[in-house]
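Shown below, as structure tokens, is a lone chain in the form predicted alone; questions about how it binds or moves come after it.
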Amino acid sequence: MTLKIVKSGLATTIQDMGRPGYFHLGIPEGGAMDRLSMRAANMLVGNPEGAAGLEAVFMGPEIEFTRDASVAVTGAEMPVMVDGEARGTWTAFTVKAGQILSFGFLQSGARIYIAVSGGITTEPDLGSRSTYPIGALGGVDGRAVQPGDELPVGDAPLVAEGRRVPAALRRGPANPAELRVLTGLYWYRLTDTAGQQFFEDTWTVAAEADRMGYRFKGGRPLEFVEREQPFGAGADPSNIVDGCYSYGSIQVPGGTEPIVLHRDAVSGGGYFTLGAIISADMDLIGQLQPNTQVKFVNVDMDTALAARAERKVTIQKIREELG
């Protein structure tokens, strides 16, 4: 079976759970930006949680099916239609051979996840089908899908229509969104006043928000503790002599606009990082639209670990709900 891409949407890519193990070589883990939504979509149609599906940003694709398949759409809220008839999100439904899956205008969130029974079975690169365009890995010849593409799908039985993830087990950002932060190795570079203001201020998602990172604007500029810049760090006080970037690191070039590094970000560079978003909140960033207001919240390691455990419990509850 293949999925025939009639319209590709704005930025639709094949994604799974990524390719861990190559970050030290400069190749990011990649994969779905909202992993809970990707996992849930796969569970709804009976796939392994790590199966490849589609991630679409702001605008959905239009897809013709060549045989009957179970489908689920999770993540952002966007009207789902089969031959023009409405279907529910976070719910399994059947698309028959020859029918067209299409989408209306985005209502909330930023990214939808489309899972098809059997999963997309394009050739993997470094163990993953996830699209990483900068490295020309995964996806369709290393790129996003385009009209005319035919995506192979594995064989799998249909699941019962109406399987659904309860609303209580879905997670999206509040308004303003709250992103919890663990301060890091370079936090000492900020003055006490600047550190306090970073968490007091309300920030806004800038237009530069993609799989590499999200930029935030609107807060007060950061002030740095005066020092003699080390050799190789340059004149700007936000510069360092290169360092490693963890997933979720917050760099602030020039001390003005924080950038949270996401799935396809580089693994190191010469900007200081004040800390990192905790892993449990990284899914939320993938659902933030430009101009969304955000508060950064300072937490400790115990809180971060508790949030990670809570997220694991939520995923397990979805597994149990769907059998």
Partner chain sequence: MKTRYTYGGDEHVYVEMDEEMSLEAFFKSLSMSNAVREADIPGVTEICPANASFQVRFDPDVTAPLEMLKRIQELEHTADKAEKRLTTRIVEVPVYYQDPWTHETVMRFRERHQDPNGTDLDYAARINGYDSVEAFIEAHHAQPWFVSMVGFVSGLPFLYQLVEREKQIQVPKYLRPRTDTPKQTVGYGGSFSCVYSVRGAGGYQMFGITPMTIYDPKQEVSYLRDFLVFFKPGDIVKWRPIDRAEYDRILSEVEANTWTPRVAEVEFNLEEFNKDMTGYNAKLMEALNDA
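Bear in mind the structure is a predicted one, so any value in this text is a computation, not a measurement. Numbering follows the first chain given and starts at 1.
Unshown form predicted together with the partner chain; subsequent notes refer to it.
Considering the partner chain in the predicted complex, the lone stretch of 115-123, 197-205, 177-185, 85-93 in range is 177-185 [heavy atom distance within 4.5 Å]. Residue contact with the partner chain in the predicted complex: residue 136 places a heavy atom within 4.5 Å of it. Mapping the unseen interface onto this chain, residue 315 falls outside it, with no heavy atom inside 4.5 Å of the partner chain in the predicted complex.
In the predicted complex, at least one heavy atom of residue 268 sits within 4.5 Å of the partner chain. In the predicted complex, the partner chain sits within 4.5 Å of a heavy atom belonging to residue 245. Proximity to the partner chain in the predicted complex, taken as a non-hydrogen atom within 4.5 angstroms, holds for one residue of 148, 232, 127, 221, which is 232. Proximity of 45, 79 and 322 to the partner chain in the predicted complex is absent: no residue of the three has a non-hydrogen atom within 4.5 angstroms. Shown without its partner, the chain has 301, 304, 305, 308, 312 in segment 301-315 as residues with a non-hydrogen atom within 4.5 angstroms of the partner chain in the predicted complex.
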